[in-house]
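Next up: the same protein chain in two forms, each one alone, written as structure tokens (structure 1, then structure 2).
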Structure 1
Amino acid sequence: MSGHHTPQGSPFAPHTATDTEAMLDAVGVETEAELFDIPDSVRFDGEFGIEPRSERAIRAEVAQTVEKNDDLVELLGRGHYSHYVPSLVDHLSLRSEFLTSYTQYQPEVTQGFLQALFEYQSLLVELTGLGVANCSMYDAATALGEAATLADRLRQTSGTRVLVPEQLADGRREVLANYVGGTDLVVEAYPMDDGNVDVEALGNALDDEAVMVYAENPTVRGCVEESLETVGDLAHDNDALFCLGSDPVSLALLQEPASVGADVVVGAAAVLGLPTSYGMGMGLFATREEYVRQVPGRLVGASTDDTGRRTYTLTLQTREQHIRRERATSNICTNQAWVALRAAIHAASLGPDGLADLATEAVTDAQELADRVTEVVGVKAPVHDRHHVREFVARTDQPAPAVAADLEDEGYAVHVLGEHQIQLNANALAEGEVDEFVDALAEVAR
């Protein structure tokens, strides 16, 4: 019998019985089992107990499973945002020549992806004003961790202090702690003042033991940071690296990082290209050209081929783990290249005005929602007297956990920050949904 695969086999192993026979013959064995050079004592004779299912059944099964999630309107943010991703992004990024390729070890046959990544790097160079951007890290948290290890390698002093804002997403704080765990760096928090860096306190905290100062714009609470230049000056006065956290949508409007002295920019680059996908992201990493040999991860550079035409190739690979091993700038190999492709297509489809408009709306939507919810009895917003991007913190007279739980019953998910603080991402609400949300909040907050 020669079916297209054995009835009990992998549907993606296309061997006919005749071919299998011929191949076994050529190798000189009778059965596949003979090919496994495994001592009997460690052979596995049991079963996993995983029943194979049809494609159709699995689609139905997973749909049924994930649809057990409550269908909530998510006013959640803090580093993860759902900006509308145009259909174009799916259709082009899912072209299988892109999707089913791997790292461009053979550049002659992978020019397409290389050029797309070169364009992605260029987009970030434009947004940050810095000379070099890599072609992705896993997420914003690991990018921050990599920034600290870069600061560790660059430091000229015996200093060990990494200063981060006291208000920082838990994921970023905890990943950073693990990335510096192999160095002698110590992470310390500096105070915030009404949602912005407390520059006086930071100034007092800084000394020549500081290696890196990290600040965010917008902050994790959605505030536009107003003292970036001062923060940069303070860091540089103490020979510390200034690392700024941001995202490519906000950067279309807010101060250019290079113009405020940022040495490294990290952040959540998947705000373009991916809707919130239960935390899957992509890390932005850009830095000054002079630090290019300390950059973690892959870099695409321009070159020429034998015809003299411009081409693209991975470059400076001696920084990477497959060549420099334990002395590599990072252990990263597989990255988030496909998400970078998606982000680049998304940015290109928005164009300069589209991207700036998205950032502008993120500011005005936050302002408008804050204006509305502060009218609600029992709510004051925004808590911080600052400009906001997408989201802001609101004070509730009622205990915040109770307000959030009641809102969840009404179909809305919000962050709880403290006993009487919730955080709301206005970007999540479509135009017609604001009234309904404000009504629901009025119900539960009084």
Structure 2
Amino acid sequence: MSGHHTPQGSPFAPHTATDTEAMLDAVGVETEAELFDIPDSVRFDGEFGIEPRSERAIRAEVAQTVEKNDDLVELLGRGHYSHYVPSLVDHLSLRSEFLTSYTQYQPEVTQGFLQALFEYQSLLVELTGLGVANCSMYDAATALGEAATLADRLRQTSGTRVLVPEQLADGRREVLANYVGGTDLVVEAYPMDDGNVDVEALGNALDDEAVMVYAENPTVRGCVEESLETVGDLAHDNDALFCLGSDPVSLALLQEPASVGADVVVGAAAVLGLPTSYGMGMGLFATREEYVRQVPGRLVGASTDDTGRRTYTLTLQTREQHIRRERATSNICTNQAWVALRAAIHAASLGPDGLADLATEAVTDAQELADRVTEVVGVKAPVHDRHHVREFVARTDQPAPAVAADLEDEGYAVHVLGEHQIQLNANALAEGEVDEFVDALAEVAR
């Protein structure tokens, strides 16, 4: 070898100095910096302005910062739940093959991950009774937005109205409105009656301009919806799609969406695999097989290779990154593959019976907490005379904001819904913690 060394770059930046010089000469500049117009106010000057410290000092500072967070038991619910996640989920999903994996574009090297995503899709197909599920969305709100635009694409005649219940999780209607902002669709709310759909009011609100009707089971207030078949019939009688919001745990116990006429099912799938994660979640999206080419996001399909072995690959990718923009169904650019993996592992570890048991506990825990809460002087629960999943609304004689503030001082966070209503998520209390919470509520509710 000669004494002159020519840098060979790296797998991530393979250009040598000679390569770079030739490219700069071709575009008529002398340095890479000339290719960028970066204001002096934000241009890196070579100094971060961060005082060097030892690892030990930094760890101590971070620990002090974290200790400033409130240590509250969160009975917030309304889409944020804390089902116990088995340690198996962490041990498997944190393997580097999964944790550092990028999108599974190369099926020849990602069969394991693709199979896990296929199993996740299969779980949702079984729970919903519908023919196809994608391998996740960002969250329930974006899944609802995609359902509305799917309904708009399928509509064979005119129509612009998307009807949703007046009681929705925070931000869900706003995200839906953003989604339909570039279309002719308009979002309208229909009334609720004692925590369920006001069927008569919905019937009066529907006409041939309706594109989609959205309902939830359980509702945002935890109520089991008792009129799903009627809602589905009303939607279909007006040539509208029926979209149902739910989650994989509840679906293990409640009515199968396909059996009540649901055309699309959306919701929060991160009730499996994740604890409350403050922003990170995962949306589910399932629909009828005849709509498969309208499904947004990614689908994992099963096939066979040239030796006859079962294989998996991404298929029917209809986002604008892959096909012509005018033919794309959605511009959603990713999915929650790692979270879907965790959900699949969690579901597999539970098995069908274990998943149904978890859903049953969500019902019985809510009922038992409501029974205990209503024994407290100055509190009545539940407000709605319905069956509940995980959570319920309670009425307080004292102003609800004051009760919530006093509960926070006692170490508990609850939702305030009105002047005299709070919402409680029984799922947040482990066995043995109910007595302590009831005692704290009795102390502040008098």
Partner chain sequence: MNYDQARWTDDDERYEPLLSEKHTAEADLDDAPLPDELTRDSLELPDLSEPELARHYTRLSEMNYGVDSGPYPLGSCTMKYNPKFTEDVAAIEAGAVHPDRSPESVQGNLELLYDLQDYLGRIGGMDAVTLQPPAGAAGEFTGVLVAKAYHEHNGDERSEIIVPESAHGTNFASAALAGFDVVSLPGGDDGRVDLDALESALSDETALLMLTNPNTLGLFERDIEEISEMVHDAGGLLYYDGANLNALLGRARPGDMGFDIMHYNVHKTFATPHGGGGPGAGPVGVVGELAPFLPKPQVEKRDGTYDLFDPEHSIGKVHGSLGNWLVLVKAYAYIARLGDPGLADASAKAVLNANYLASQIEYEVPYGPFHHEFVASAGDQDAADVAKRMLDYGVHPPTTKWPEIVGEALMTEPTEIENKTTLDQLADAFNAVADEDQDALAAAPERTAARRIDQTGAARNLRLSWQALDDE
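Here the rigid core means the biggest group of C-alpha atoms that line up within 1.5 Å when the two forms are laid on top of each other. Worth saying up front: this structure is predicted, and the values here are computed from it rather than measured. Residues are numbered by position in structure 1's sequence, first residue being 1.
Between the two copies of this chain, it is structure 2 that is the form predicted alone. After superposition on the rigid core, the Cα atom of V377 is displaced by less than 2 Å between the two structures.
Once both forms are overlaid on the rigid core, the distance between the two CA positions of D397 between the two structures is under 2 angstroms.
Core-superposed comparison between the two structures: CA of L24 displaced by 2 Å or more.
When the rigid core is fitted, G49 shows a C-alpha shift of 3.7 Å between the two structures.
When the rigid core is fitted, A33 shows a C-alpha shift of 7.6 Å between the two structures.
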